[in-house]
Structure formats: C-alpha cells, structure tokens
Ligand code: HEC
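One chain follows as structure tokens, the form predicted alone.
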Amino acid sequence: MRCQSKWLLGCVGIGLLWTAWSCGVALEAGEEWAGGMTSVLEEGRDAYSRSARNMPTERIGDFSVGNSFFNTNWTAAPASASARDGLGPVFNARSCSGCHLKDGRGRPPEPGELMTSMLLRLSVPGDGEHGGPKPEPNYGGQFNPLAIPDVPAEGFATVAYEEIKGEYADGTPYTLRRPKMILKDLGYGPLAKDVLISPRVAPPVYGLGLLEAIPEAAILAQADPDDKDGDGISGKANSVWDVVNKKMSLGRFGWKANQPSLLQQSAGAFLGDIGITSPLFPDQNCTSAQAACAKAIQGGEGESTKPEITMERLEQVAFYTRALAVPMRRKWDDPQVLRGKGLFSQARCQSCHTPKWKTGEAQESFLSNQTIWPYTDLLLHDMGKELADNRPDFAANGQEWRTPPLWGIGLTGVVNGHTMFLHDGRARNIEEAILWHGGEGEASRDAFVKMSKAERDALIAFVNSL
C-alpha cells in the first residue's frame, strides 16, 4: 500500500489518474462532494453555517428564523420578549450556539474553568422511563451549573487531566491525557453513591438532515451485533423512545445514538441544556429536591401553562439543523491525501467509518437521493475500557459509542479554534483520537502505531481533507 517517493514524482508529472493508480487507490467519482448536491464551497469560519446549496429559495425564511432561535440568547421569565423567555430555571447554556459555536464542535474546559460547551450526563443503575437512563434523584439526567436568580445552581463542574506516555513502533514518543471530572459546591445535596457520570462535548450540527435521510433498512443492514462475519467489528443499532410516534425507533443522533430524529434532538436539547419546555417535553427540568426550580415562573407566549417554545418555532430550529450544509472536501486529489486514503482502508478504519451512503426519500426533497460521504455507519461500537463512561443509554452499554461522522472534521480548527475530539474532548488532535481507540477500534489503532511517520502523516492528511 505504500506509495514510494519516485512514484509520487512521476504522478505529479504525468497526471492525476497515474497518481491514484500508483498509490493503489483510485479517486472515486464525486467523493469531493461530501454532502452530495447540498455541499458548499466554504473553507472559512462560516464553513459549517451555510444552508444546503440546493435548498429552495422559498425555505430561506424558515432557515433564517431557525437560525435566529438557534443563536439568540434566551432570557428568564417574565420578559418583554415573551417568544424568547423561559430560560432555566437551571441550565447549561443560554442558546444553542452557546455550545455549538458556529454550528461546530464544543470543547472541554481548561483545568479549573467552568464548562461552557461541554456537559455531564447523570444517571444511576437501572432503567428509567421506556428503558432509557434512570435519572440521578437530586440532579436529574444532566448536571446544570447555571441558574436564574433566586434558584440555586446545581454546582460547579470542571476537569483535570493525567498525562499518559506512549511510543510508536518506530520509537517516536507521544503523550495522551486521561480526564477526571470534578464536581463541587453541590447545591442539592450529595450525588448518589452509585451515580454514573458521562462527559459530552457538543458535537457539530451540520449535515444532520442528510444523516436523518439515510434509509433505516440500509443502516440496519450493516449491523452485526454478534460479529457473525468474524471480522472483530460488531456494530449495533440503538433502539430509543420516539416521543412523537410513541414507539421504540432507530437512534441516529447523539454520542450514543440516543435520539431518533432532529425534532426530538432539538426539543431534548432545549429542555436539558437551556431549560426551555416544548410540546414534546412540556415539564420543567426540576427534580423533587429542587423546590425553587419547580416554583419558578414559566415563560413563553400566552398563559403560563403553555410550552416556552411553540411547535412552529421548534420545527424551524429542527429545519435549520436539517438544512445546514456540509463543506466540500479539500485536497482530495493530493498525492499524500490519496496515500492516506489507502492507509485508512488498509487499517480497516472504514469498517466503522463507512465512507459512502445514498439518502432515500427525505422529509425535505432537496435532501433526497443524494450520494454522500459522511464516514460513519451510525451504529454503536465497543470502544474499549479507556473510553468507557460505564453509563448505559437505552441499548448502548457503558463501552459503546456511535461512530461520529468525519466529514468536515479538517475545518474544526478554522471554525472553532481548537482540535479537541472524542466524546469528552480528551484528544487534542486527530492523532490522539486515533490512539485512544480500543475495543473494536484496537486493531486499527495498532496498525496506525506500526506505521512510519510519513504514513501516519498521510493518514492524518486524508482525515483532514474530509
């Protein structure tokens, strides 16, 4: 699979097709159009914030309104702007973009810093409603470090790190950092002794409409929970509660694929992150231990019993995330990138990061029948003990995570000003993210460790081109 330097010189001189052939990797038709015909040519700070290139002009209004409600800070009730009041009573952020800055990726706090685009899921052993996580008695399903006036916040959460040293097969040293969550100044008594805590950085929100449009049957066809083919990869679908349809459905979104649709994902984030009730989740996010929270004034338009965001506004926010475009790839035909593509395949990374899909008939016609390149199978995989949060979430066990899409990942530094990856942001770059792979990803990680520096650089260049 190695592409020798003498071939590279010849490749550049003779042409692109020879480049692909000599490296043992062929360019594939349309692979630069990561999001199919929805893709946009954008490499700057707004790379994740453009609407789908083929979105009908008559939907611009819905996109703009959704964008406004995604980015505007909510305020505590009562307020003059009743369409945007109802913040809290306890919360993590004042807006969706407070975590998903520029529609991109959050990061963990610096040691001692308050979490701003990262949160902590909480639960205790046992099944909650519909088989989901069982909330922690005093603090619920999520730790909220912020609160409106006259309501005690839940406490302070930050992170500390332990440095871990390692070495590649060629003797090159590296270091990784293992996080430890720190919770203090708890406002509602001690946490349960058997509490399960799962840190989550905010994932990017572009391209989600295309993932929603992949046919369920196609996703399930790739599942192999019992590893019947013996390849060491046993992707598993999550089955989660669908609030709208009142049944168990395929989970697609979230770090553990615990949400079935963008509408429910949006409603869940409004409630859990900002404290905004909706027709899907009409009850305030207060536990029985939080009396002041329960007595806080409800926001929203009309009488106090109405949800704080209407179904119309919620659907517009969901449409906004559904219509956000994926940026086109960069340098997809570069010889080093092509070499990295071959090494990515050789290391069997594509066993979980499935490169190519075809969308079906989507809720929005402009997302239908698109050939896309997200590099995910949307399935759960055991990633080993080091990455485990030990917190079940519906069918996902404590070591399983959904394969995150890789499209657009190379622009993270440009858009969000950092390159921190994995569910808790422990990896400071793509290299470290690969090195943390265990479980079903261990063989691919070991293949990476055995590569030469030039090969490692090529594989990373390929991932950065996505």
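Just count from 1 along the sequence shown to find any residue number. Everything numeric in this text was worked out from a predicted model, so none of it was measured.
Absent from the display: the form predicted in complex with the named molecule. The rest refers to it.
Partner contact region in the predicted bound form: 377 to 385, out of 153 to 161, 330 to 338, 377 to 385, 282 to 290, criterion any non-hydrogen atom within 4.5 Å of the named molecule. In the predicted bound form, H353 approaches the named molecule with a heavy atom inside 4.5 Å. In the predicted bound form, the named molecule sits within 4.5 Å of a heavy atom belonging to E440.
Contact annotation: A461 falls outside 4.5 Å of the named molecule in the predicted bound form, judged by heavy atom distances. The named molecule is not drawn, but in the predicted bound form it has a heavy atom within 4.5 Å of R348. Contact check at 4.5 Å (heavy atoms) against the named molecule in the predicted bound form: none of L87, G140 and G300 pass. Just one of M55, V415, A433, V40 comes within 4.5 Å of the named molecule in the predicted bound form, counting any heavy atom, and that one is A433. Put simply, of L176, A237, A147, A269 only one has a heavy atom within 4.5 Å of the named molecule in the predicted bound form, and it is A269.
Residues of 375 to 404 placing a heavy atom within 4.5 Å of the named molecule in the predicted bound form, in sequence order: H381, M383, L387, W401, R402, T403, P404.
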